[in-house]
Structures are given as C-alpha cells and as structure tokens.
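Below you will find one chain, with nothing else, as structure tokens; this is the form predicted on its own, and questions on how it binds or moves follow later.
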Amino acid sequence: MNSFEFFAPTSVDEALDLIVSKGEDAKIVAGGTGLVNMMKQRLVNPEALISLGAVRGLDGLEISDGKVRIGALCNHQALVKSAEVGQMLPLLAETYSKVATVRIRNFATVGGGLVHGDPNQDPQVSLLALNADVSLRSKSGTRTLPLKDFMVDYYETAIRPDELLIDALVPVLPNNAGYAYLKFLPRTADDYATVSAAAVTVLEDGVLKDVRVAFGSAAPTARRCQETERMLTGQRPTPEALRAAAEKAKDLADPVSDGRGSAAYKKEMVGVFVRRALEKALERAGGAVNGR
C-alpha cells in the first residue's frame, strides 16, 4: 500500500468537514474489511483515510414508530446478538449470521457494507426484502433514499462525494410474517455466494397479502423482484404459482461467469433459490403450499 494521511474525527460534523476538505483524495474507512483489501490489491490508492471508528452516536439501535434505526457503525455481530433485532427483524438477524465468519462480523459495519456497493454481499438482499431506507448526511442536511434506489451499479451507489451514510431504517416485520434468507456457497463460509435470495410473506386466510422477494450475486446489484411479487400477491400459494413467479425473477438476473459458476448456471439458480426462499417463508408464516 502507498503511504497516506490518517484522520480520526470524533463527530459527524468533523468527519464531514474532512470529507469536504480532502475531496476525492480521501477514502472513508469504518470496519475496513472491504477497503483495506482493495488497498492491498492496489485497486484504490487514497492519499488520506478518514476513520469513523471514534465518531460518537453511529453505532446504536433505536426502535420507534414501528421501525428499527440501525447506526452505520453497528457491526454485523451486534445485529446477530441483539434480542430486539431477533424479535422484530428475525430475517435480518438470520442474514447477518450468515456473513463470512465471526471474526469478520465483529469488524464489518452495516454502513460500510452498504456503501461498498458489492452485489455479492448478503445483507443487501434481505434489506431490500424488508423495504429498508438509508439516511445520507452532508453539510447541507440529511436525505433519505430507499435502498433499491441507493444501489446503482456494480460497486456504485447513489452516495455523493460530500455525504456520509448515517443509518439504515428498517420497518419491523408483522408478527404473522414468514421470512427466509438462503444462499448457495460453493466453497467456504467466507466466500461469496453463487446466488442468494430473500423472501417475506404474509398470509391471511390462505391468501398472500404481502410478498417481497430479492436476490443477490447474480446481477450488478442485489435486485428486488417486483414482478414476482405482483404475480403472487392476492393469490393462494400453489406449487405452480410459486414456480412461475420464481422463474420470472430470472428476467432480472444478469450474472457473469466466474469460479463460482457460469452465467447460465447462476441465472437458473436464481429461479431455484427464489422458489426455495418463498417456500421457507411460507412455512414460517404457518401456511402450506396448496397442492403439496
């Protein structure tokens, strides 16, 4: 790695001042699990690092008005261990528990993972299915974006050069919701998935009143499958309906071939894992797939 200046602000305002003054020559670092690897590989060579580790007030959880506000500096393992998250957002606790290893989870932060814009990471998939928003702050104020609009392209997000991601805001799941996060790992636990999928379902009188589906690792960003959701909402879940809706998700897939599988294989796996995630979510919602 090249030499660089290191700054450790203790407040958001101080961090924002540094971001403005140092400009494009600086990079923000939180847990460092993504950026440090990129620096080691010389994919990025910042002249300055602005560490958020000492910034106060960005590592907490706050629950109000039916939503959980997750501070950007919360590490992954904190969400896995949180009783509140386990009760109100079990899909999120389950997803973060599947990120790499405990060692990584103890360092990797929620905000860092989102800003990194890596389509192969686990949390974005479930956060999409949970209708999450992100808060972005600059010297001129704070704006809120749906996560689906925040993710723009491969390693590209909608954050502006003068902004910090402050938190993620996630609506609490209703008590009668079913949920699932599944992924296929070709190698070890800390490898990227070949494909992943998340689903949320709400059943009333045997009818799907709410359906949310997303997948990852098979497109330039994690993707929400809105057409799949429309096909199932208001319907009784049958094997045929689930299969057809899951197949529709493949239209959004745009994978690349690599050591985890060919592009054609990954596209087929999107349909398989979306269907499996829906089936598991329905089982947890207390509903059987009609006709099984």
Partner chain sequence: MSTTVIGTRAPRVEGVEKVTGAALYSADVLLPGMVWGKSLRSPYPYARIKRLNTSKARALPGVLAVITGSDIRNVLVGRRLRDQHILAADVVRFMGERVAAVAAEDKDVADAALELIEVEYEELEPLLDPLKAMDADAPLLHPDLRSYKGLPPTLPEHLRNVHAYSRIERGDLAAGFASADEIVEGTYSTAMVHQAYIEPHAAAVSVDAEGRVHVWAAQKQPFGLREMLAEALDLPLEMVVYEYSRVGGEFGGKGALMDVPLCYYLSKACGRPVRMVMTYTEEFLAANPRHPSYVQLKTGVKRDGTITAHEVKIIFDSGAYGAFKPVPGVDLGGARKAGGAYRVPASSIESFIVYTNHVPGGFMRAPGDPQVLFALESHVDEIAHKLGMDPLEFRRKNILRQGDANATGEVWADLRAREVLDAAIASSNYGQPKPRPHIGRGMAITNRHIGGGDSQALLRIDAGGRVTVVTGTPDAGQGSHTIQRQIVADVLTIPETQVDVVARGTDEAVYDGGIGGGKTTHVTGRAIMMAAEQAVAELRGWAAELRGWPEDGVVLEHGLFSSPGEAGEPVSLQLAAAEAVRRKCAPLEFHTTYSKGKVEQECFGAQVAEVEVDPETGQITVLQMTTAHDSGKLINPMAAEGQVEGGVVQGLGFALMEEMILEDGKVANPNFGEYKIPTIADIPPLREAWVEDAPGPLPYGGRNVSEHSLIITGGAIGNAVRDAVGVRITSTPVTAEKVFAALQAKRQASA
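Positions refer to the first chain, counted from 1. As the structure is a prediction and not an experimental result, all values here were calculated from the model.
Missing here is the form predicted in complex with the partner chain; even so, the following discussion is about that form.
Residues Met38, Gly53 and Ile104 are none of them found to lie within 4.5 Å of the partner chain in the predicted complex, as judged by heavy atom distances. When contacts are judged by a 4.5 Å heavy atom cut-off, Pro174 does not count as touching the partner chain in the predicted complex. Although the partner is absent here, Arg230 is not a contact residue: none of its heavy atoms lies within 4.5 angstroms of the partner chain in the predicted complex. Taking the partner from elsewhere, Ala158 is found to have every heavy atom lying beyond 4.5 Å of the partner chain in the predicted complex. For Leu185, a non-hydrogen atom is located within 4.5 Å of the partner chain in the predicted complex, even though that partner is not displayed. Contact with the partner chain in the predicted complex, defined as any heavy atom within 4.5 Å, is confined among 263 to 271, 22 to 30, 230 to 238, 56 to 64 to 263 to 271.
Only one of Glu204, Asp153, Asp191, Asp149 comes within 4.5 Å of the partner chain in the predicted complex through a heavy atom, and that residue is Asp191.
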